[in-house]
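Alright, two takes on the same chain below, each alone as structure tokens: structure 1 and structure 2.
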Structure 1
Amino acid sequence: MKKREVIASVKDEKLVKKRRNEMIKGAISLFKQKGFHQTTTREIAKASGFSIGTLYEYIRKKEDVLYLVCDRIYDEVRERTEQDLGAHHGTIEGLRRAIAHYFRVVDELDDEVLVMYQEVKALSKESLPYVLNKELDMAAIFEHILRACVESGALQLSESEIRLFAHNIVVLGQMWAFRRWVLRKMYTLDEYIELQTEFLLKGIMEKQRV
């Protein structure tokens, strides 16, 4: 899916990326405390260390912050999985590595993931489909990896099973953020990745032996 363009009046792309990351950090903290509707753009500017005028050089409205968060999560997952797939394309090892990359992104951006799903209801009817479709794009990353495993003979899955498996991966990654208050007391991130990956693969591998 094509990115929704968030217009900036500043032309320096590196500076835009840097300032928007600072903006996201300040906004996420406020959204967690006060919620999307109760947070003002002036408060976001202050939390980011900008004047309100500077803020509007990088975004046009408050909803733009949620678009940027959504894109950042998706882009991180896509970039990391694509970087690592070359030598492991169509293999179980490649699938394992992709799952691990995704779970680690969720861990690093856990506040962003949490706020994204808490505040998605705050988006307008016109804006909501963009975020929901990005969720489908995330699942599509894993659908592509799973299909490659099927084509290579590493897995035997129907198209329906591929789609469901991909969504299971996405949800289990999100669970690390949503239930972090308890899961992090029980498991390290590495343990969580290992256990969930084994659970995911166990059923499929047993099915293939039948």
Structure 2
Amino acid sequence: MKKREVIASVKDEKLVKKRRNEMIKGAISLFKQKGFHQTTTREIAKASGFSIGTLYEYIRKKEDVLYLVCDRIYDEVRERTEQDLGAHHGTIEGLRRAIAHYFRVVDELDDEVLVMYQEVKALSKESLPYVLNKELDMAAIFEHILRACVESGALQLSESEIRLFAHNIVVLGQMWAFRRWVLRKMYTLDEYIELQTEFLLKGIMEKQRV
């Protein structure tokens, strides 16, 4: 699925990219604090370093900002997660590292992940599918890893299980962001990774009926 096109009045594509980066950065910091609905377009413009008129040269509606923000956050999380995933491919060790790596990315971008999580529903019916599709892309990363393990014989999983477990990994990672208000009181990041990785791997690996 291609990206949704957000139409700008300004022609210069370089400039559009630059201004939108400023905009996204400004908007994220506001959305973190107050959420999308509590943030005004003027505030977004100000935080982006330009006037309200200029803001609207680069978007059409306020919701476009939210779309761009969600889009960016997903890209960021995905890109970072995909970094350095090559080694140990198709091994349990590789899976273990991927999980840990992903959890650390969520920790670094926890504000962003939270924003994304809580504001997605504010997207219009038009934008939503594009963003949900990115959720699927995240799950797909772990599906690939799991599938590689199956192919190498390191794991024995049905296709159904692969897909479900991939979602489980993604969600238990995000959980560190959206339940941080309680989890951080109980665990350090390292403890959380340690415990959840054990939990996940056992849940994924064992074959015998419980």
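As the structure is a prediction and not an experimental result, all values here were calculated from the model. FYI, numbering is relative to structure 1, first residue = 1. Each form is matched to the other, and the largest set of C-alpha atoms that superpose within 1.5 Å is called the rigid core.
Annotation: structure 1 represents the form predicted on its own, while structure 2 represents the other form. Taking 2 Å as the criterion, residue 47 counts as shifted between structures 1 and 2: its C-alpha moves by at least this amount when the rigid core is aligned. The Cα position of residue 60 differs by 2 Å or more between structures 1 and 2 after fitting on the rigid core. Superposition of the core reveals a Cα shift of 2 Å or more for residue 16 between structures 1 and 2.
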